[in-house]
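In the structure tokens that follow, the same protein chain appears in two forms, which are kept apart as structure 1 and structure 2.
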Structure 1
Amino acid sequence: MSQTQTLYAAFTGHLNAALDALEAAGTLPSGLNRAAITVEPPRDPAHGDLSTNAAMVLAKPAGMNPRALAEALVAELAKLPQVTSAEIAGPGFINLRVAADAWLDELRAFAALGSDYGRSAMGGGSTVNIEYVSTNPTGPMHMGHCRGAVVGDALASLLEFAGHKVIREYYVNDAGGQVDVLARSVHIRYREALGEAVGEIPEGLYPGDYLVPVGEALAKEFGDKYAKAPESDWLVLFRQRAVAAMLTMIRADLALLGVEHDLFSSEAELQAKGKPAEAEKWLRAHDLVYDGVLEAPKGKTLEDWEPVELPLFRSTKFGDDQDRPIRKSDGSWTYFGADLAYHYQKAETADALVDIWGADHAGTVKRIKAAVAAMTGAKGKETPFEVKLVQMVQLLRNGEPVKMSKRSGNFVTLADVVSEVGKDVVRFTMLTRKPEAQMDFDFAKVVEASKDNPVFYVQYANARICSTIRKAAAEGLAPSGEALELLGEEELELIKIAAQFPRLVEAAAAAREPHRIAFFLHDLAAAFHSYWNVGNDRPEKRFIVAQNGNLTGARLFLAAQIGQLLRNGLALLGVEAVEEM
């Protein structure tokens, strides 16, 4: 293995070379699909260091018995100098034990690659458009938006690290009825700024105090010009100014979380350019939109429901339970009609699309995926499109639900939460569970200095490493890779866990699941803390053994590289690796 080639990549290469040798010998037919073959740790560490399913994957298409193929592969793999044993398990899995020298080489690779350890060319430079947050521009960010923002931003960083070009996009829903409601709400604040007693904000409008500065700015600019004017005179202007103000606020809120987008796409601009009409024309030409009447909603009778002919997209053709209207009865676009045009536009500039949505949008996933599949597939190559659903977060304080924010009107703002617990705590916590799982965010627990708090647990591991290296330096000791052969089995176990990082980066990127990186960091921190605790009871196992400079140098070198991997992983999550706590 070369100095900068990671161990899992090297053994994937060795496995492919072994398969090539079997093909050359006529044992295996050539041209078999190897895409599903894996090289990974066995589920039970007692079975070895590495495991591969190659014989299980290839046996059937090769017309061979899995164990017979496994035996042929084992004969090839056993020739490798890094392999100390190769065994067959069950119906044909192959387990390998790897020599200590190979793991020490991997430790050197940690150091040689540094912040690039784990970086992959898997993406091949292909462009992925990730759309996330995309909250309606009607107020400040609240914690309901936070989880999707963190998942999307961490996924973008992960995909870049895995070799993709990434477009971070925010879709501004500035063409629907909600922005007219926003404009009317701002008009009240505008009149209030002029001295009018407006009383309680009417139900159905946005009551938050965050609109007060917007009204004041309009009053300063226009005086009382629109105070008594009919709505038709000011609605469009106030809508534009209000949306612009809200986007400035949203950008500032996202910046507090360390989130920045490359592109803000306007739904209003999309419609003004006639993109939904172009999409409808194209869909009709391909018999994917027709004029029809929807079935009556369940529970409705002919007395209280009037059938209306609408342009319908044939989403049942793609697995949806009914065809979907792209226009309303008044001729305006449905959200779906505008959305399919928007996604078609995105597909023209990216090789793959990923949307991060709240779980409350689950019902629209099938139809938009059907539309994108239809429109891009008809061009000759369907653009891969995934929707990741994110569950809401319940805010608690010592187990009790948190009261709402007065400033926002009816929710807890993201800015308030980041101000109280910090960006890093918020970001890491949002990735400690799969996004589709429910999450509780307890203000007391997320700042707790205990091993039960994963944020603290991971950051403390890096802080401990930094503290140990500082202490060693004060004693004239430093990390050294000169005597790594002095490291024993317990130290090698740490290396084995850390060495999984490049493999996990690729797996997490392929699955579009950045939370896997958080899980890995927790496992690595746990292994480090466990090793540290051994030294509490056995002084000879401590990182600093004053009477043995060579061993101390080797252990400090190991600690320094574990710290580097923690920093690499935390950087993907957008979390700072603190050096002291």
Structure 2
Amino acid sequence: MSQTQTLYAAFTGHLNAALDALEAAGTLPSGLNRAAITVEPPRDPAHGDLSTNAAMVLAKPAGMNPRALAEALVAELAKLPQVTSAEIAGPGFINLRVAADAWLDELRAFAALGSDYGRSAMGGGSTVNIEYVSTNPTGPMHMGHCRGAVVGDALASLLEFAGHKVIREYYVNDAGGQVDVLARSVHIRYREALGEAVGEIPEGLYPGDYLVPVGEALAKEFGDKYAKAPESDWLVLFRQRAVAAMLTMIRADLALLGVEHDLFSSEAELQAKGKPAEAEKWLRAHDLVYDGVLEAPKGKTLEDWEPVELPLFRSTKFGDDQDRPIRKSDGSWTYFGADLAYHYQKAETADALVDIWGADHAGTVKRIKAAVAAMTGAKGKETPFEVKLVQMVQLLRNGEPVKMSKRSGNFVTLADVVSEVGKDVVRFTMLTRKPEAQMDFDFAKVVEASKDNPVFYVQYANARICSTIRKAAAEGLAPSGEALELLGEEELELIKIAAQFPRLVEAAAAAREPHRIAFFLHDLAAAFHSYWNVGNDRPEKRFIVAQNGNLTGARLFLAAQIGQLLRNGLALLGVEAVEEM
């Protein structure tokens, strides 16, 4: 591993050393919690290059006046050779100015680390399993699924970059009633392929055309063998074939989006291995599952409801309003029953679990988290398990809501949207807002506005950089780190913004918020475009200054590194860094 240390990481270290020194001198009590201390750029650049809240955070637990503590800290920090000024401001902020050399060193670090600039060891190599997409294998992906797919994929890349091992997993719900419905729907298409007039697809089955080829393939393979046969003869077979076909389709849709999983886990396989039964046994032994009778549903009247004894999980202990069955009255597993076994199994292969779910599953978060916590906790240490809820995407067409339902066959497919506006626009749009806020996605508007999409703004910055370097090369000029001291204030400003990438990666990874990367890239691109245009009025500020090869080399060096950073960030988002536009 390189010795190169990035500037913010270095200053966090310097600050801790300064605090250690104060402790050693008896100025500061030892053992104070430093977790809330930050080193960040001040909001107003006029205040300096770096700012820390250390004195304000520590003053109270230390029983000291913030300004007095700040003065002691400033005395320590001022000793650092790269610090040109250290001042106390406001209620106790410490503002530092950093010598130009230190920023030029950071520019050299961009180059030395290249595509690894921003990579962090924060994760410590621990394994995080991220489960995302996991749509039922009953049809193509539609736009409602898209957000979770993009967010999960970008989060996976981000966590990898932040030092985790990542398993990207898709849970295939191939065991419930919906896949039987799928098999029956396919059976009709199969008969249709054999020449039978099947008419309208009956209510409750999947009417989509995408099942036609599946039926045709089965007709080709089996002839009319199952046309008149009872369901019990073909259901399992057709279910398997149909699920496999749907997964192929879904994977193709995901590929259009640039989303790829490491692992597809089958619910049916999980059940075949007896995992839910194992889980039930354990839960009963720990009094978390008991046989009981549910109360009649409130608020609605179900004619066929009757009290029956079921194995119930004590989810009321964890804030649920009702204990939840893990098996149905026919003995088969409920979704919840299989799901807790599934998560328990996942926890055996990872140090932490993250699920990306649609908000329509919010109601089940408490119980599954409780079950997983109980089961993994019994082994000594709970496996951290987070559920990130991705809010609904309201689909509109010219302002009118589009009701989507696979059952009705009425939906906007992901493939349609991607082919219309492109993968990069879809991904960037999904990643320029935090996932827990609802969003509207107006198909027409996005198509129309795709040319104004911020993604192009970021891509254009990289394309400009590439073009400049190409142009310079044609004139025999190349980036060079030889004379970086020729760079002035404007160039340093660009470096200062870019230098935040490492701390941003860590913050975004810790918060599991990939959208922060998207906003950072936009800011960096803005700084670059702005700098570029300075050259419009002042030709001496252009990248290529023909009469000054050293300066040109240094500016091209800067441009090349900014380009690298943009590419590092875009790679995390899964957006192409095009070289020409």
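Note that this is a predicted model, so its numbers are computed, not measured. Residue numbering: sequential along structure 1, first residue numbered 1. Here the rigid core means the biggest group of C-alpha atoms that line up within 1.5 Å when the two forms are laid on top of each other.
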Structure number of the form predicted on its own: 1
Core fit, then R470 C-alpha moves 2 Å or more between structures 1 and 2: yes
After fitting the core, F441 CA displacement of 2 Å or more between structures 1 and 2: yes
Did I167 shift 2 Å or more between structures 1 and 2, C-alpha, core superposed: no
Shift in Å of the C-alpha at T27 between structures 1 and 2 after core superposition: 2.8
Backbone CA shift between structures 1 and 2, P91, after core fitting (angstrom): 4.3
